[in-house]
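Coming up is one lone chain in structure tokens, specifically the form predicted alone.
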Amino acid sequence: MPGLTYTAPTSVDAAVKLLAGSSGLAKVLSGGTDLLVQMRSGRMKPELIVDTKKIPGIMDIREENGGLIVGAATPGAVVEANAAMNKAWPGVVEALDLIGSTQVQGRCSLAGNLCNASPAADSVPALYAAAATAVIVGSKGRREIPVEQVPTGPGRTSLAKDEFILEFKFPPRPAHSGDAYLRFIPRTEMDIAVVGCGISVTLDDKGVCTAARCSLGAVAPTVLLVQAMADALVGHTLDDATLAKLDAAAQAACKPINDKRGTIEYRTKVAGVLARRAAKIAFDRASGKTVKAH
């Protein structure tokens, strides 16, 4: 493209300097499956692309202090093949696996999906439910924030011009824990979510929920972390009364729009249904059952 500069620095410092020194629109290339489409359509016209994939460690997965570190540019296919991620966070793996085709899976990344800041992003509700932390680097150094503090609106994030995500930290997984992500789409595959729901729970030895995080996608300008849904689960087993409270909390949190994929009323109803189903899968996994979400 005329006027476009592409660069692939091999260090964090070099990448940050390039971003900070750009006089026009600069974009970070993590996976590129959203950015390249937006450029080809003319919606995005950057003057500089900083490809971060040559920075050491940014495409790796490692264990640290009982938790997991996932490099920001790690391809979806690599995350999905990782045994530790599948064991600890199957909901995150399944959510990432829903992004696009097999070919897209070889490029897409958690950082790209999060920073694209679509309210209908699939991996983002699962990241929220997992209590993942984004490690951000920039001219002012390194900082860590909960992933839910990154998107601020459709296509907008809290990252400064010279900042990018280096990696994600997933916390240690307590015993009797499980997560799940479900979405509803009009087609059988490769479509944008009408509603998405991520739920992560920890149970005691009697099946009572002791901790929970719940999220909804495609029902507001950003993915939502819904405390009222978690409150409906904590202190309870997953009986009919608990499911009813969870359903009501999910519907109450919705602030959707009408579009070609669904009406406000439809999206709101589906949010409650998906919350029930995702909770059942998360509870089953926390109880030691092997359950496929899709």
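For every residue, the number given is its place in the sequence shown, counted from 1. A quick note: this is a predicted structure, and the numbers were derived from the prediction, not measured.
There is another form of this protein, the form predicted in complex with a small molecule, and it is not shown here; the text below is about that form.
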Of the residues 165, 130, 93, 203, which one places a heavy atom within 4.5 Å of the small molecule in the model of the complex? 165
Heavy atom within 4.5 Å of the small molecule in the model of the complex: which of 244, 228, 37, 257? 37
Would you classify residue 109 as touching the small molecule in the model of the complex, given a 4.5 Å non-hydrogen atom cut-off? yes
Any non-hydrogen atom of residue 238 within 4.5 angstroms of the small molecule in the model of the complex: no
Do residue 116 and the small molecule come within 4.5 Å of each other in the model of the complex, heavy atoms counted? yes
Can you tell me if residue 191 lies within 4.5 angstroms of the small molecule in the model of the complex, counting non-hydrogen atoms only? yes
Contact stretch among 85-93, 120-128, 195-203, 216-224 - heavy atom within 4.5 Å of the small molecule in the model of the complex: 120-128
